[in-house]
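Listed next as structure tokens is one chain, alone, in the form predicted on its own.
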């Protein structure tokens, strides 16, 4: 059974974080926040904190921890926050009461568009542009969720603690990537490549990444077919993959 505290971290730091990329990758999402300068703060009692900001020009950004906000939302605990993400709960607004229409309107529509990318229908994946954006967002979600599961899930922590210090790059050849840094048993994720990776897992193309990350292709089969390549210090990847194997239970 998923750990509620770990799920709250995944929901904020790996799932909702994606909105900063969604508004760039999806034209309709960008239109929803065009001309709006807002910063939504999420604060979970005993759990994660973060701020999702929109710059008024159709762009977005997400930061962990505290930052200046125009709207502040408070949650009594991880379960409360998770219920909001699942669509069955509501936050407690502490700031920006006059801007609640933004939450119930554009922001809610953004979360629904994000869900359509992270849980796409076969028909949607037939569109090349949607397929590419879906794969990129799925890669980011998996990479950032991996770090949260390795830092909070009891089994994930055991395996993350066995990953030697260094950077692991998970990405698509000639495409987007996530750099996972392991240090003292703790994991952190960032978009992009650092050029200083000690190990890497590289998908041959978007189709390979979509198949493996979407659960439609077994990773070992993909490896045997050359759809994914692993290089560098392999023990890092072996332990990382054990953590990665736990991620689906938090994204189901």
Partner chain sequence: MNTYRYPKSRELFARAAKVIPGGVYGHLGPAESCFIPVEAFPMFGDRAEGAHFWDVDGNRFIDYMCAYGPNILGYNDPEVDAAALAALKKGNCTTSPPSLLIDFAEEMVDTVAMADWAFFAKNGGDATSFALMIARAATGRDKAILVKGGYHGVAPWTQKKGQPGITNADVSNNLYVDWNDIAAVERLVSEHRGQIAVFMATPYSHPVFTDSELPKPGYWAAIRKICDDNGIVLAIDDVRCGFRLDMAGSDHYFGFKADLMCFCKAIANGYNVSAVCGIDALKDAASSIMYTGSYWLSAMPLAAGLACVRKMRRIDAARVTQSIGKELTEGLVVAGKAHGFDLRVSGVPSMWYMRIADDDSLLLHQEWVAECVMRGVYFTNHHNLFINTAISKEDIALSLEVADEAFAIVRGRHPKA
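These numbers were taken from a predicted model, which means no experiment stands behind them. Positions refer to the first chain, counted from 1.
One more form of this protein exists, namely the form predicted in complex with its partner chain; it is left out here, but the text below deals with it.
For the three residues 159, 198 and 238, a heavy atom within 4.5 Å of its partner chain turns up in the predicted bound form in every case. Between its partner chain and the residues 186, 190, 67, 223, the one pair within 4.5 Å by heavy atoms in the predicted bound form involves 223. Proximity to its partner chain in the predicted bound form, taken as a non-hydrogen atom within 4.5 angstroms, holds for one residue of 85, 109, 125, 155, which is 155. With a 4.5 Å cutoff on heavy atoms, residue 230 counts as touching its partner chain in the predicted bound form.
Using a 4.5 angstroms limit between non-hydrogen atoms, residue 28 is distant from its partner chain in the predicted bound form. Although the partner is absent here, residue 205 is not a contact residue: none of its heavy atoms lies within 4.5 angstroms of its partner chain in the predicted bound form.
From the list 59 to 67, 44 to 52, 215 to 223, 31 to 39, the contact stretch for its partner chain in the predicted bound form under a 4.5 Å heavy atom rule is 215 to 223.
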